[in-house]
Structures are given as structure tokens and as C-alpha cells.
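Shown here is one chain on its own, the form predicted alone, set out as C-alpha cells.
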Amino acid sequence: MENQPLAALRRQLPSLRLLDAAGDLEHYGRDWTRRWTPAPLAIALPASIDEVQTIVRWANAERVALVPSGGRTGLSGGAVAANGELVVSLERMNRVLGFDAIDRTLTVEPGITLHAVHEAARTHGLIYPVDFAARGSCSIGGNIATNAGGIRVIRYGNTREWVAGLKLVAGNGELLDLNRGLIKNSSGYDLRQLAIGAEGTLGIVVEATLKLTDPPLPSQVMLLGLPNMDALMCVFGLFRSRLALQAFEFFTDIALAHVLAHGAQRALDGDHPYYVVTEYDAADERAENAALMAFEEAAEQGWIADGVIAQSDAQAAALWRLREGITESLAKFQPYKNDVSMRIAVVPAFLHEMQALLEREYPGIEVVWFGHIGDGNLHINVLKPAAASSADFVRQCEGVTHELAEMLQRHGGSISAEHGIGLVKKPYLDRTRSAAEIALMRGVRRVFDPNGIMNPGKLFDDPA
């Protein structure tokens, strides 16, 4: 027999699609983390803002917790429903609602994929510049909830720079129309920016107006083999001073080995401990010559051991696959992931200290790291040994993460660069945020969500 709260929801919304089959509960109750057993009450798939508002008001009346759900590609447990929550999947709300040629904005529902947004912008001769490897499955609502970054932050910034306005069903059921696409709006607090990166703890994004921009100039992609870690920032500094960079990504020889084993093609002869994929404007011969001169200067300094410039779009895509294919190639190893950031100026010192920590604490365990070195963001993947139990492995990694978090605190960095806090990083939030900041965050949460129904337990634990 169906429980009383769900029966009440069905009476209020007889057309609402509700799922409660075991396979659906497991599928919708987890994200890309696999550390919690999904146990949601049911899955609601609303098709309109009105339905979302009704669900939130019902949840307040019945004191049922809600977990907003997009593409569930998150890596911090932010979309996990493990304690009888109702998952609110926005996948049916996936339409493009409008394009404004004057404002150059695209208004969309939250369940639309990032790839579909890219395609919609392209039909109007423009681009939505936020981009990363999960573009085909992640949703715009989830991108907004985590302030997603990606591979072109060095040129375009994070998601929050590209949200002109959004509609949010707050935790109290009210529909808020935030900023309304204005370029200038100095009329008090910008609640839009509070909602961006809030991981669904303030409300549910139900509509977003995204800023579009001109396509970039013709570009070129270069793969570099580097002889040592110190060369990373030397090459970055030189290339940034000579070229208009669109992206500057690095990975290690260990990461490359996994991508090659997963089907990618080797692009450089020989082995190098570090690699860089960089993309830069190359609209004319002058820009192309500048890139060659920068390469030659770096090689003369001993910072580059080898390199190749893509000679076609297909080769450019193949070079990018060496970087973008890393996460997929590691999935079968159940990696424990860290996603950290620091100021670019701090990166060299942090890299050395971090490498020493990883070598000391993970003897005999393979650690794969890579990232967006041009914006100070590193991804660390610790691969679970086949013989280790998942519980023992996570326990070991959490001990190392405590040390890593303290290191980040000393360097003024963050335990989460772009994946959010969720459940995974919640124990380390106080290494990134002060007690006063966390207290204010709790207070903001109570204003938006007085009954604490919105994604509880994420970011921080609610006080008893």
C-alpha cells in the first residue's frame, strides 16, 4: 500500500509522473559517486513550474525532504538520495523556451543538456562557452547548482558569468524571478548569484536565461610533452604572455597510459612525465608564427621536450581526447576523487607539497592527476587496488583528504573547485570557509528553506 504522503501528492497532482520501481529508485537515487546506497521514497518527474511548486509545497506540509536531480553526473554526492527523500528529476523540463537576438540570450528549462544548449546557440551563429566532457549528459540546472567550470574557464570563466537570470522555486514554494536578464541591476542583493552554486539547498532552478557570445576566432590545438613538473607553470606563463589562450590543460604520463588503453591514439613519440593540451587563437599567420616562436623559446629553455600542432579538425579532436577521455578511462577503477583549487601563483609550491603527500600516503597505489592548470584547478584520482575493500579504501583516502584540506587551508585554496561540496566534501568545508561564513550560509538557507526540506545534509549538516 502506498504511504500517505505520496497518496496525498498523487491527489494534488494526478497527472504527475511518479516512479517507485526498484530499478528507478536506484537509477535516480545516485550520481556518479558510488559510496551511498540509494534509498529514495520515489521519483517525481514534473513537466512544469506549477508542478514543481506544488511538489515543494506538499513537501513542506508533509515534511518530506527533496533531492533535485539533473543529469546526475556530479562527483560529490550532491544528488544522492539515501534517506527516503523524494527525488525531483527535471529531465522532462528540457525545452528551449526562447532566443533574444538583441540581448543575445537563450532561455531554457533546467533539464536540457549542455550539448543541446551548445547546438541551440550554434543555430543562431553564437556560442554558449561553458564546456566540459560530460556535455552530452549533464543538465543546465545541475551546471547552475554547482557553478560548473570546465576546460575553457581560462577564457570564459565559470557558469555564473553566463547566467543572465533564473527562476527558482525556493524551499518555501515561492517562485522567484531573479535578475530577469538585466546587464546592470544595482538594486540590493543579487539572489541569482546565491542560487548559483548552492547545490539545490535553497530551491530548485526551473528556468535559466543564458548569455551567448560570438564564436571564438579560428583556433589551433597543440600537444606538448614536458620533462618535469616545474616546466608546467613556466610554459603556461610564456604561452599566456604571447598567445590568446582558450584552454590550457595538463595531465601526467599515468593518465595518458589509461586513455591510450581505453582506445585513444598516441600523438607523440617517446614518454614524457607531463603533457599539456592547449588551444589558442590562430586567425592569421601572425598568430600562428607567435605560437611557433613561443614553442621554440620554451624548447630552448628546456621546458618542452616534444610537441605537435594539429593539422586538421580530426587531429585536434584526437589531441583533445587525450585529456577529455581521462575520467571515462578511470571509471572502472572506482577512483576516489579530489577536486581542488588555489590561486595560480600558488600552484608551483602547492604541486610540490601535494606530490610529496601523495607519494608518502599512497605507497603502491596508482594516483592519476590532471586538470585546468591555467585556472588553478587540479583533479586527483586515487585508483582502488583490486584487493582492497571499498570501505577500507575510502577510509584511507579520507584520512589523506584531511591532510590535503589542511594543506589547501595553508595555501588559501578550496577543497572543491568545480564539483561542489555535496556529501563527499562536507567534512572539509571548514578548511575552505570560516566559521562566520558557514554560520551566514546556514542563515541564508533557513530564509529560503525554513523547514529544511531542500537537499538536506548537503554542504553542511542541519543543526538538530
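Quick caveat, the model's predicted, so the values are computed rather than measured. Residue numbers here begin at 1 and follow the sequence given.
Although not depicted, the form predicted in complex with a small molecule is the subject of the following passage.
Comparing 414-422, 395-403, 58-66, 435-443 against the small molecule in the predicted complex, the single stretch with non-hydrogen atoms within 4.5 angstroms of it is 414-422. For the options 72, 372, 192, 272, the residue carrying a heavy atom within 4.5 angstroms of the small molecule in the predicted complex is 372. In summary, among the residues 258, 167, 152, 379, the only one with a non-hydrogen atom within 4.5 Å of the small molecule in the predicted complex is 379.
The closest heavy atom approach of residue 341 to the small molecule in the predicted complex falls outside 4.5 Å.
When contacts are judged by a 4.5 Å heavy atom cut-off, residue 201 does not count as touching the small molecule in the predicted complex. In the predicted complex, the small molecule sits within 4.5 Å of a heavy atom of residue 327. Among heavy atoms of residue 337, some come within 4.5 Å of the small molecule in the predicted complex.
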